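Just the one chain here, laid out as structure tokens, in the form predicted alone.
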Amino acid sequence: MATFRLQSTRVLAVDLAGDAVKAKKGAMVAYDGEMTFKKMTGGGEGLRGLVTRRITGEAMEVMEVKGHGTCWFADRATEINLVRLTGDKLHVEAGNLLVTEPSLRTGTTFTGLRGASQGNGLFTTTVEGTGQAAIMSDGPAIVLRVTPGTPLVVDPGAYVAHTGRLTQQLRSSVGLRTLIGEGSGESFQVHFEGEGLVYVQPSERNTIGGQM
């Protein structure tokens, strides 16, 4: 069984004993022991995944890393966050997914206007099953809990991922003050309701909503 550990906040070390992990293509920065690297089709989902991702535009280039030893992963000095799944589902943008255990299944799901407001398209990546996943954020991510009766409002540009039984709705605050340049600059927000966790980064990416 692969062991995930943070070498630092920006480097993930994975200890392998003959097993394998799925990783973002090009994210390996060093390894010791004996390792093999193989490109995987359709984000690791085979031919069906390849077709689905081409249709949805949710591209994800993945490689399988297998062997004995330790492999270190990083990507553009972004912060790395470990997420342990126990039969639940993680929703995350493909570009924020670094490494997953092979026991986890990946797929795509429709996000609607929330994804469009982030400039990421209408679909996002899902990871489900039991195992660990490493996701990336621009700066140390905070994990915010959503409970029934206590919804959470997140800027689309700061959203990274979420787990649990959550519903999301994109709401607009565009009005006359926004159009004449006197708005708050927060033209769209994502409202989460239900029960689960939301990962938020301390840096806002450029979004369609943020440009209004």
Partner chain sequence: MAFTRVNSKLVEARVVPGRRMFSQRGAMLAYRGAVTFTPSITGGQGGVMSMIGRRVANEATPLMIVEGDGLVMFGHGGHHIHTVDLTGETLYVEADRLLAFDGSLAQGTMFMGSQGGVMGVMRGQVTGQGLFTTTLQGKGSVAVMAHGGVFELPVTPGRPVHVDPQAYVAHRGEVRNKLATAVGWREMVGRGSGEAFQLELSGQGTVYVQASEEKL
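Remember, predicted model here, so these are calculated numbers, not experimental data. Numbering follows the first chain given and starts at 1.
Although it is not shown, the form predicted together with the partner chain is what the next lines describe.
A single residue from the set Leu170, Met63, Leu144, Leu166 has any heavy atom within 4.5 angstroms of the partner chain in the predicted complex; that residue is Met63.
Think of it this way: in the predicted complex, the partner chain has a heavy atom of just one of Val11, Leu197, Ala20, Val200 within 4.5 Å, and the residue is Val11. For a residue to qualify, one of its non-hydrogen atoms must sit within 4.5 Å of the partner chain in the predicted complex; none of Phe110, Ser137 and His191 qualifies. Of the candidate stretches 125 to 133, 83 to 91, 100 to 108, 68 to 76, only 68 to 76 has residues whose heavy atoms lie within 4.5 Å of the partner chain in the predicted complex. Not displayed here, the partner chain is kept clear of Pro148 by more than 4.5 Å at the level of heavy atoms in the predicted complex.
Not displayed here, the partner chain is kept clear of Val153 by more than 4.5 Å at the level of heavy atoms in the predicted complex. Although the partner is absent here, Ala27 is a contact residue: one of its heavy atoms lies within 4.5 angstroms of the partner chain in the predicted complex.
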